[in-house]
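Coming up is one lone chain in C-alpha cells, specifically the form predicted alone.
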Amino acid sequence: MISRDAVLSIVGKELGDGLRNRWIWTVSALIATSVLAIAFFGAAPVGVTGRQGGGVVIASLVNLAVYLVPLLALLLGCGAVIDEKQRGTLDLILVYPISLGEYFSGAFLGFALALTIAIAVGFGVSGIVLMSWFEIEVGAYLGLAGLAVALGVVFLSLSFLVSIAARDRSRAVVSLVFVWIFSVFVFDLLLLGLLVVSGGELPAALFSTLLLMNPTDVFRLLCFKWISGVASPLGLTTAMPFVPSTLLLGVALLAWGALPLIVSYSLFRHRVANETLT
C-alpha cells in the first residue's frame, strides 16, 4: 500500500529541486516573451504579419506551444532519477521506509508540478497583457494553457523513460534532443513526404491514424476541436479530410502520457533490483 505522506515528502523535494532549475525559468520566460512577440509583432506561424485579432493569435500560440513546451518538459526531466542515483541520494532515500513505487510516483508528481508552475507562469504573465490588448476569450486562452500542460506532462513521461533507459545524464540529453527534433519537426516532414509519394491518395483513415502516433499532432488536433479561437486546423492537419473524434484524441494523449511512465517504472524496478541503474 502506498503511503500518502511518503509520496508527498518526495513530491516536495522534487518540486523544490525543479523550481531551483534556472533552465526551467529561462524557457518559461522565453514562452512569455514569445507569446507577446507573436501577439504584438505578427502571427508568422500562420503566415500573417502585423497586429492580429484574437483568433489568429491563439492559432499562432498553438504552434508556439508545440515548439517550446516539449523542450521545457525534456529539460526538466532529462536527469530524472538518474541524477539522484549518481549523487548517491537515491540510495540514501531508499534506506528509509519508502517503497520504489512511492519514490517513483512522488518524483514524477513533483516534476509535473514544477512543470505546471513554469508553464502557468509563462502563459499567465503574457496572458494578463494579452487580455487587455486583444479580443481573446479567457476560456480559449485557459484551454490552450491547460492543453499545453497536458502536452508537457506527456513529454515529461517520455523524458523519464529516456533518462532511466540511458543510465546517465549525457546520454539522456542527446537522446532527448533527438526525441524533440523528431516529434516537432521530422515526423511531420515524413508524413508530408508520404503524401507526396502517394500522390495525395493516402487513405484518410490511415493518415489520421499516423497523426495519432505523434503527441504534438494530437495536441494540435485537440486545440482545433476544443478551442473556439482556433478557426482552422494547423500544420499537417490542414490536409486532413477526416479528423478523429475528441474522445479518441483524448485517449491517444492519455496513452502517450501513461504508457512511457508505466514502462519507465518497470525498467526502474528492474534496474534497482539488479543494481544496474547506472
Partner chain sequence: MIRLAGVSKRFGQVEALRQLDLEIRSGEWLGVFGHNGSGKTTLIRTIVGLSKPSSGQLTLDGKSPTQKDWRIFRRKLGFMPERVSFYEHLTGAQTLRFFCRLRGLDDKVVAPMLERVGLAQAAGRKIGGYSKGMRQRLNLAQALLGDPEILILDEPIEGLDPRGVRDFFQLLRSGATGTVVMSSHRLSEVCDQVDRACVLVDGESKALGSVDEICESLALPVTVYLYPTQPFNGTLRAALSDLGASSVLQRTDVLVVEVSQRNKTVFLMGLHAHRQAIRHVRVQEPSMERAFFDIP
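None of these values were measured; they are calculated from a predicted model. Residue numbers count along the first chain shown, from 1.
Although it is not shown, the form predicted in complex with its partner chain is what the next lines describe.
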### Query
In terms of non-hydrogen atoms within 4.5 angstroms, which of the given stretches 196-204, 81-89, 110-118, 171-179 touches its partner chain in the model of the complex?
81-89
### Query
So which of 166, 140, 93, 147 reaches within 4.5 angstroms of its partner chain in the model of the complex, heavy atom to heavy atom?
93
### Query
Are any of the heavy atoms in residue 10 no more than 4.5 Å from a heavy atom of its partner chain in the model of the complex?
yes
### Query
Does residue 71 reach its partner chain in the model of the complex if we count a contact as any heavy atom within 4.5 Å?
no
### Message
Can you tell me whether residue 98 touches its partner chain? I mean in the model of the complex, with a 4.5 angstroms heavy atom cut-off.
### Response
yes
